[in-house]
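In the block that follows, a single chain appears as structure tokens, in the form predicted on its own.
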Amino acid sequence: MPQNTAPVIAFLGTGSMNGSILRGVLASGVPADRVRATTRSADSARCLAEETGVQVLSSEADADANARAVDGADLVLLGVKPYAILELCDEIREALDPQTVVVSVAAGITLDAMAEHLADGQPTVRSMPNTPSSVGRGVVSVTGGHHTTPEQLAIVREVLAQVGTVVEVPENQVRAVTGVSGSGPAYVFLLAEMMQKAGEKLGLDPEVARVLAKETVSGAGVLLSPDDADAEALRKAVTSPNGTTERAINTFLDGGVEQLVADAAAASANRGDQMEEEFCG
């Protein structure tokens, strides 16, 4: 992102996800003086400011911290817990410039709900990142609101691209994004956990089983990382007819793993729907 065209970005609530995006933005070359952030505690504000060089305001020390942070900002990323997003929209509503784009990175908050708590015509974007964003390998969905122009959405995409791959989806598909990639890293971690336990049952030392499972899963991820990589093709390439891998794969399939993964993704998506009902009414 060119420094001379970098937008002024305010991160409200700089926990793990917003903090990852903030660090990715700085790593891309955006000057620290184009970035602001808020935290709840004064101690965390001081630590983040010392680490990153950005201006960090604490709501503990300044009740108007969030409103001051958004003053003159081009983009505002809301990174508080889902239940607090709409209250935060109310808090900053009067301090926002009419053209400031407000981006939520929280699950369960709809664009319509955000619009009800912001000024009429305020540009909004709904985003669903995932935890690999903390190492620059995330995947992030974006959905523009009714008043968000293609040019504004392009700026949001460029900012979020600093922490991973960005895809654009209609809002009715955000639930599917939640089920596949939002919760997806935990599925992979669970597989590695189960592989380790299986190795231990086969007689491996627990530490050896842990290393084998961890490095196998992370190495397979590297093989999947090229743009043209295809999971099915990679799986077939290492599955020799009547070999050990084929026997294992057939055990997975005969055990219903395909339906189990589909059910898990649907359960995650359905919980996202429930959260929308809880937080947005």
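One rule holds for the numbers: they count along the sequence shown, beginning at 1. Here the structure is a predicted model, which is why all the values come from computation and not from measurement.
Quick note: we don't show the form predicted together with a small molecule, though the next part is all about it.
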Please state whether every one of the three residues Thr143, Val180 and Ala265 places a non-hydrogen atom within 4.5 angstroms of the small molecule in the predicted bound form. no
Is there a heavy atom of Ser59 lying 4.5 Å or less from a heavy atom of the small molecule in the predicted bound form? yes
Whether Ser134 contacts the small molecule in the predicted bound form should be assessed with a 4.5 Å heavy atom distance threshold; does it? no
Determine whether any heavy atom of Arg40 comes within 4.5 Å of a heavy atom of the small molecule in the predicted bound form, and answer yes or no. yes
Just to confirm, Gly199 within 4.5 Å of the small molecule in the predicted bound form by heavy atoms? no
Exactly one listed stretch (148 to 156, 105 to 113, 118 to 126, 162 to 170) reaches within 4.5 angstroms of the small molecule in the predicted bound form by non-hydrogen atoms, and it is 105 to 113
Residue among Thr216, Thr52, Ser28, Ser44 with a heavy atom within 4.5 Å of the small molecule in the predicted bound form: Ser44
Of Val80, Ala209, Ala95, Ala192, the one that lies within 4.5 Å of the small molecule in the predicted bound form (heavy atoms): Val80
